[in-house]
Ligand SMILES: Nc1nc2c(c(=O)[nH]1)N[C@H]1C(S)=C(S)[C@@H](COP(=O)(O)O)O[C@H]1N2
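Quick setup: one chain, the form predicted alone, written in structure tokens, and binding and motion questions come after.
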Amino acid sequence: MVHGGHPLNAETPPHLLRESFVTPVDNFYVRCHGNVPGVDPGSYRLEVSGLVERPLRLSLEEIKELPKSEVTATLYCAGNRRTELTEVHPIPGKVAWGTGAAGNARWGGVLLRDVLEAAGIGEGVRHVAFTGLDRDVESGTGAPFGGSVPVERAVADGTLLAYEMNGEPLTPEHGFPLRVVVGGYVGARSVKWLSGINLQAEPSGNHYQAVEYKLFPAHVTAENADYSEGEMLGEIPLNCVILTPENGETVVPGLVPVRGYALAGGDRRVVRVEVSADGGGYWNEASLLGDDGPGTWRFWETTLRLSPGPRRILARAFDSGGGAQPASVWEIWNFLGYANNAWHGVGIEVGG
């Protein structure tokens, strides 16, 4: 479902997301802030600089000579489920994501930790900043896209410099020839078309870390926002989404299967999903399917016995850190439309 061609932004229809635990590349959502750069792999170089003992300039072949690692990780756009927030109050100028700006893939590449150790992590390093080869169009800065993560996350097992996606070389729209994959963090930190890594004391000063991808309280507006006060988005907020039945669908009375995905941020795992067909009066515990560990979604499913009439089905998740979701989007509305992790609901008609 294409939201724009330049920059290219497209999400996966709900029913396709539930077809496979590992999302096929052709079905994987695409998030761009500018052009999709064409990169010559032969002349490509990755610069590693900043507070390092040995600055590096690595070719793609030199990177591939390092020990290969594979990580299963879910990329999750910070603006996923923004359309529900717009029902509270308009959010102009932002991509109207539904529930499909998420996808799970098996990534092949090298641990970022190995590259940082080769460069030598200097004293005072608190953040690892990334810069891409693309140029921002969406916000009009014309600058490369970038962002950073704390050094502790950069050296974790789930953080990769990926050159493969589901066993094949990255496609152009997914970051060829090299991208960052930061498990458990919002997709904006998994910078594509990676050109530079900088070790530094402070978070990235890039527009998409210093201004965009920040969280503000509901009373703050675009007119009175102090962007230095916003909370930089990092770990994925605990979330749970109903994929089938879809909103507005008509189903046959009786036993109705309900399926979806749930995802926890950081190093936490989803440990329980509950589903309600009566507005939250009674909750039915769903079955969780598979567990590839932190940083990956979990599929869930249950069956509800429904009689004829309109129904609103709700779903909520709980994580291994004791986290729970807020009940209503009213509690978490923000003028940039990020991090909607309220209980998810779909309205359906149960036919007579």
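A residue's number is simply how far along the shown sequence it sits, counting from 1. Note that this is a predicted model, so its numbers are computed, not measured.
Keep in mind the form predicted together with this ligand is missing from the figure; the text below concerns it.
Residues 30, 33 and 77 are all found to lie within 4.5 Å of this ligand in the model of the complex, as judged by heavy atom distances. Within 4.5 Å of any heavy atom of this ligand in the model of the complex lies no heavy atom of residue 243.
Remark: residue 173 counts among the residues lining this ligand in the model of the complex, judged by a heavy atom distance of 4.5 Å or less.
Although the partner is absent from this view, residue 190 contacts this ligand in the model of the complex, with a non-hydrogen atom inside 4.5 angstroms. Within 4.5 Å of some heavy atom of this ligand in the model of the complex lies at least one heavy atom of residue 132. Note on the partner interface in the model of the complex: the residue among 214, 269, 179, 207 having a heavy atom within 4.5 angstroms of this ligand is 179. Contact with this ligand in the model of the complex, defined as any heavy atom within 4.5 Å, is confined among 253-261, 229-237, 121-129, 181-189 to 181-189. With contact defined as any non-hydrogen atom lying within 4.5 angstroms of this ligand in the model of the complex, the stretch 231-269 contains no contacting residue.
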